[in-house]
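Consider the single chain below, provided in structure tokens and representing the form predicted alone.
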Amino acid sequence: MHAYASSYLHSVKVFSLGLLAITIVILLSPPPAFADTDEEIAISVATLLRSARAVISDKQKHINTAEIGDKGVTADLVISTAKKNYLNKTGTDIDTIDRSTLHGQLVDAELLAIKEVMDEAQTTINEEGVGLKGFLPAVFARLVTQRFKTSAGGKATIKLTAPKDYVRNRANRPDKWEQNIIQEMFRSPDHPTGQHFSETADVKGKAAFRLILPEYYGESCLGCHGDPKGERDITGGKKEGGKLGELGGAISVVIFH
């Protein structure tokens, strides 16, 4: 075979093998996660909030141990565990979400809010000689949603709310839209458990996408929100008399257009 032809064929083989290697790498590498719709984005940020709140719930007994100083419940611990929880719930690695998209920007804003809340709570969490710290899952989540409003730069908001007769903090009172969904839909015996509701609706004169997810009382909730109704719980609040599995609240997400 002519030397030139032999060299050409060798180059083609090398190129083909190189292209095959690139193709294999692309196929084996996990694709970045995208959320193309407002609904997917809203569910994602709500899931991240739940994933982080679950960490505080799991660590609550440890946080309230008076005999221990440094609890190790840091921002890094909460965020890393929340990411694992998110992965378990969604099947998506949160770090693969494209940060150039609105989804990625809101995830980063929420992670920043979690970090700031946890950094500021370290003195309270690590105080020795004090049992109940008051840093409850609901308190943590409320503080995160407040910080998120700033870190998201007006692009979105997250709110913890509940039926009016169950709301303790006036800042969490449902607006008319939320109250209507909670009363007419979520509290209906025919409503499928866990099913969210969403629609496009104006919020204070601005066009927005709204999504609200129901939340139900679990065993860990009933110590403060169960029976007997009206009795003071460990925080000093009055118990609502809630039952296991009963609608106890909701997460409301707004994405502005």
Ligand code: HEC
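Treat the numbers as computed from the prediction; the structure is a model and nothing was measured. All residue numbers are counted from 1 along the displayed sequence.
Separately, the form predicted together with the ligand exists; it is not shown, and the next lines address it.
Stretch 133-141 is the answer when you ask which of 92-100, 148-156, 115-123, 133-141 has residues with heavy atoms within 4.5 Å of the ligand in the model of the complex. The contact with the ligand in the model of the complex, taken as any heavy atom within 4.5 Å, belongs to A162 out of V73, A82, A162, V107. Of the residues given (T193, S220, S188, T200), S220 alone sits with a heavy atom within 4.5 Å of the ligand in the model of the complex. Remark: none of the three candidate residues (W177, N180 and R210) comes within 4.5 Å of the ligand in the model of the complex, counting heavy atoms only.
Residue contact check for L244: none of its heavy atoms lie within 4.5 Å of the ligand in the model of the complex. In the model of the complex, at least one heavy atom of N169 sits within 4.5 Å of a heavy atom of the ligand.
Using a 4.5 Å cutoff between non-hydrogen atoms, A54 does not count as a contact of the ligand in the model of the complex. Using a 4.5 angstroms limit between non-hydrogen atoms, C224 touches the ligand in the model of the complex.
Residues G248, G249 are the members of 239-257 with a non-hydrogen atom no more than 4.5 angstroms from the ligand in the model of the complex.
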